[in-house]
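Starting off, we have a lone chain in the form predicted alone, written out as structure tokens.
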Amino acid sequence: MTAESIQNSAKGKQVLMMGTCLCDAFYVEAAKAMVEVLEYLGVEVVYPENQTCCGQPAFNSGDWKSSRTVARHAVEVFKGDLPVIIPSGSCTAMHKHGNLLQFENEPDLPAVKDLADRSFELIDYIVNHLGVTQWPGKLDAKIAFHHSCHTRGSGTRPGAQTLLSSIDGVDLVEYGQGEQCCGFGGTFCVTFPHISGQMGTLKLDHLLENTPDYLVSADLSCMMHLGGLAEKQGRKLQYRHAAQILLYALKGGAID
């Protein structure tokens, strides 16, 4: 597949972008990278300005009345026929799974299900729905990919392995207990901080065995948790969203 054919793979397509709270508050560069990567592929990205949260914090805390209010807002904001692309496996899982549970006996379940059917995590969308299996450019970096719990129901992990390993110069390294949770779990890290910290430390022990240059994932919440633990413990850890790695490669390895 040539660079030109990759770029033409999605030409003329249009998607709605859900930016997520974490990108909005902490990781705007990841959101910008997502837009640039999709536009490189020929996809027109539309960003509804009045979007908010996916509702997962309230959902995980058991406040389903509040989380349904947030979800109904998302259904209205992202209504229509376009795919909703999200740089987060966690928020995508909320659309696809959490909402279906909490709206099981609600009259607007069909509208919620429609949003679920149109929601996709970014890497899953690029590889498994646009059919892009090779990525051009170059990036000299050893990368460890974190497979988050909320992407287990999507094609994100094999998609990320396919795409990242195709980049010239990228060394995608394996590590022990790759399927294990990082310990973040949204409100779990607040309710059970000691257990969460021990799980994250064990994850770091395995991740850092092969001294990767970057820890990469499709979920910045896991990265934030592991990054905070690493900083507190004085351990070197650079982390990026997968979209940033794709963008760095397009720019010939220029890393910000």
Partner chain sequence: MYASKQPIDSYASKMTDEKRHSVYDGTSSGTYKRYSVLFKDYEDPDALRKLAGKVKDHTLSHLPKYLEQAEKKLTENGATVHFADSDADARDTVLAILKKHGVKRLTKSKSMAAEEIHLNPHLERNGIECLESDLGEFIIQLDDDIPSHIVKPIIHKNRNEIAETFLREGIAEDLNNDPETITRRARSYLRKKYFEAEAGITGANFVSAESGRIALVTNEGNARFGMAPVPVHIVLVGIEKLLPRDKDFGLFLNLLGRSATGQQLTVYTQFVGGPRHPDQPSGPEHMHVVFMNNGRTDVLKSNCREILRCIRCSACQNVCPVYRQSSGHAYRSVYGGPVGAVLSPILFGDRFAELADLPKASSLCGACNEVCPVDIPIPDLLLRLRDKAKVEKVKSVGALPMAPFAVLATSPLVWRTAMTASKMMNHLPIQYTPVAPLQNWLNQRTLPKWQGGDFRKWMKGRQSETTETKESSKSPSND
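Numbering follows the first chain given and starts at 1. Being a predicted model, the structure only gives us computed values, none of them experimental.
The protein also exists as the form predicted in complex with its partner chain; that form is not presented, and the subsequent description refers to it.
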Partner-facing stretch of 121 to 129, 136 to 144, 108 to 116, 172 to 180, counted where any non-hydrogen atom is within 4.5 angstroms of its partner chain in the predicted complex: 172 to 180
Taking 4.5 angstroms as the cut-off for heavy atoms, does S196 touch its partner chain in the predicted complex? yes
Please check if F78 has a heavy atom lying within 4.5 Å of any heavy atom of its partner chain in the predicted complex. no
Considering non-hydrogen atoms and a 4.5 Å limit, does its partner chain approach C149 in the predicted complex? yes
Is it the case that L207, even though its partner is missing from this view, gets within 4.5 Å of its partner chain in the predicted complex, heavy atoms only? no
Taking G89, S217 and Q244 as the candidate spot, are all three within 4.5 angstroms of its partner chain in the predicted complex by heavy atoms? no
Within 4.5 Å of its partner chain in the predicted complex, which residues of 21 to 37 have a heavy atom? Give them in sequence order, or say none. C21, D24, A25, F26, Y27, V28, A31, K32, V35, E36
